[in-house]
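Only one chain comes next, encoded as structure tokens, the form predicted alone.
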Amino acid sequence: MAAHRCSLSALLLIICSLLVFIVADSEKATLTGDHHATAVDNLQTVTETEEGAAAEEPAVEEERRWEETVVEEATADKEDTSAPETVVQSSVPQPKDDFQEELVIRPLHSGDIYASFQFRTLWETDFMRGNKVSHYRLFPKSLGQVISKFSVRELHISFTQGYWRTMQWGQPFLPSPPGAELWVWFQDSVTDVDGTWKELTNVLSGIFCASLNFIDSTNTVQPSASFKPLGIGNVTDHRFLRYATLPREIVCTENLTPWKKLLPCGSKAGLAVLLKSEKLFHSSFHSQAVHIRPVCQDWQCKTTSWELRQTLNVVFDLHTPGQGKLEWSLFKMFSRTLTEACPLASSSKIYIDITDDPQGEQFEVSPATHLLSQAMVLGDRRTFSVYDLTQQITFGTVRSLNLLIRWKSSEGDMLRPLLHAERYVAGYGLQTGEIHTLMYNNHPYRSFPVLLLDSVPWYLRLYIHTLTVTSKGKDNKPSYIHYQPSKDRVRPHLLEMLVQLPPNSVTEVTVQFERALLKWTEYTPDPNHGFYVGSSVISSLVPSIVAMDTNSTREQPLFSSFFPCKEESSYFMRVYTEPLLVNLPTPDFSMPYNVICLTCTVVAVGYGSLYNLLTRSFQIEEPSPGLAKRIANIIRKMRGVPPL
């Protein structure tokens, strides 16, 4: 029996071993089959699985054979058809947006430093066809929704603190008036332009944390000739254009913060790290703007894109009295240096204007760069030193870029701007006055037309019959005049004129006005400070500065100097004058306080006396008896006798 039991145990052991081997072989076959299918579908997955199963030699040999087969099949397919890699790349959608950033630094002859930031985002999309855009990559979603909801064709908004001194600093790259400025072109599909304009100003007020909600019909105009569209499509129907200014708007940090959040990298990387609020607002001039317009993608304009251009211009006063021009640097201006470009930017560059000092006699730039660029800027050929932040060699070994300019000499004259303007209020008293606008044409021998736009509040009642335009002591009749009179508490005055400016002359435009008396609820909390009137806007095609050189033919080939080039003919310029501060007849707001005090005193004295007389009761008091009489009454009381 014992031998029989041992034989049964051995038989069971053999059967179990066979079952184990059969299961293992089936699992291996299943694993190999799975790898075969995966390799046929994706060669990269076969390679990863092959590396993961390197411990099993039979499986490795099996997978290598499948890998070779797949490679041969892929090669055959590549020879017969197009490359698999090309098919994969074409199937992946390429991004249709692009972001660029740049900083232009110009040393001014006054000893100040002009820094201009520009951030441009291009997006190939269409907000107008009713397609709901749900995915935003670089373009800010808040502005995209504004364009879609309000059918905006172009939007231009700026916030400026300070006044640009044209005679000291020259012409800015992008001019803007003091305070807040907003002008918008709507699509022709908008039926209620005024209602849409009101809603848009309220939305923009929340986006930029500004007082744009104070824009209403009393400070909004509809120009008939100025502010043409800057993008594609020359729209001539000015019913869809609205323009307004708030000259008293104060620009501060709460306006800069939402502006920086619109950037793809915010203020964390790229040139935006230099935008430190305590440094920007401690400057002579500061202006930030947002411009949205449709532009062409190619020269044939077959495809269009939306362009968002954010600009920030600042002028730092680095001239110390008594010490002359010393030096400036990025760290001195912004308290920061650059360490990297924005990772989302396709281009990130810094330009330093060295046109006025090509030989390095006035200032020295360090670190030096061999990259130079020339461009036509405001009708003049300018030369720039270029620093490309996308190249690691720009930052050097210290991984930081701190541009430095050391002044060597303070000599040098600035070329006067060909066009600039001034404005002031004349007259005496608080009844009538006169507005004077001076337009200067400094070109020595060429005249050119300018388009003047004036928007005057309704409480300054213009006498349009007193309008005079004089140049060199003679009357200068405008070739075009558009005047829209104001309505009290409804709309302002609008005056547009096309005037020809003679060469080397000063053209003066004067008009008289009468001050209106406001209701006491319409005065500001500080009425004695005065009321602001927005800047005048002057638009013109100014002759190029290059064309002023009459001896340029001596340095150029003869075949290129007979007919003027396009870049040497003229360029567009927009100039803003100073805002006006006008005093209006102001009542004595302390009089109500005096009246209240006097009235309360009279009421207290008069009513108090009358009330006292009507409510008081009168009684006759007998004189007190003498000492002898009192003693006698006491004795009589003790005896029980009635008192005397």
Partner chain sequence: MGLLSDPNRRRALISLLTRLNAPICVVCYMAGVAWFMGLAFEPFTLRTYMSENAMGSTMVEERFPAGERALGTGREFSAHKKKAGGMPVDWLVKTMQSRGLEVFTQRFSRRLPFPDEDKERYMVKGTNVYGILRAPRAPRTEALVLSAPCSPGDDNNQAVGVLLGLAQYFRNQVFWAKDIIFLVNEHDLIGMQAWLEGYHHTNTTGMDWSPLQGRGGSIQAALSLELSSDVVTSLDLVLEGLNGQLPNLDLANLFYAFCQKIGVLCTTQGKLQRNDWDSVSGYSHAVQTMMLMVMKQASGRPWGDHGLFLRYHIEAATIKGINSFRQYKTDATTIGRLLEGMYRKLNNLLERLHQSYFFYLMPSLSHFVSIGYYMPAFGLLALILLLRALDLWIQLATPPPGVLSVLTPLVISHLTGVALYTLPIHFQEIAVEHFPVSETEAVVLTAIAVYTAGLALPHNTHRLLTGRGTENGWKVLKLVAVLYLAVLLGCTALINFSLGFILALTLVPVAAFVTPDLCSATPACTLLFSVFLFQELQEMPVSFLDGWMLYLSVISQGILDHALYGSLVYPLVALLVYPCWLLFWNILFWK
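Computed from a predicted model, the values in this text were never measured in an experiment. Positions refer to the first chain, counted from 1.
The form predicted together with its partner chain is left out here; the points below concern that form.
- In the predicted bound form, its partner chain lies within 4.5 Å of some heavy atom of residue 609.
- Contact between residue 237 and its partner chain in the predicted bound form is not found at the 4.5 Å heavy atom cutoff.
- In the predicted bound form, at least one heavy atom of residue 528 sits within 4.5 Å of a heavy atom of its partner chain.
- Within 4.5 Å of some heavy atom of its partner chain in the predicted bound form lies at least one heavy atom of residue 178.
- In terms of contact with its partner chain in the predicted bound form, the residue from 399, 487, 282, 302 that brings a heavy atom within 4.5 Å is 282.
- When you look in the predicted bound form, the only residue of 194, 353, 216, 508 with a non-hydrogen atom within 4.5 Å of its partner chain is 508.
- With its partner chain omitted here, the record of contacts in the predicted bound form names 428 to 436 of 339 to 347, 428 to 436, 292 to 300, 390 to 398, defined by a heavy atom within 4.5 Å.
- Within 4.5 Å of its partner chain in the predicted bound form, a heavy atom is found for not a single one of 118, 307 and 572.
- Contacts to its partner chain in the predicted bound form (heavy atom within 4.5 Å) from stretch 471 to 501: none.
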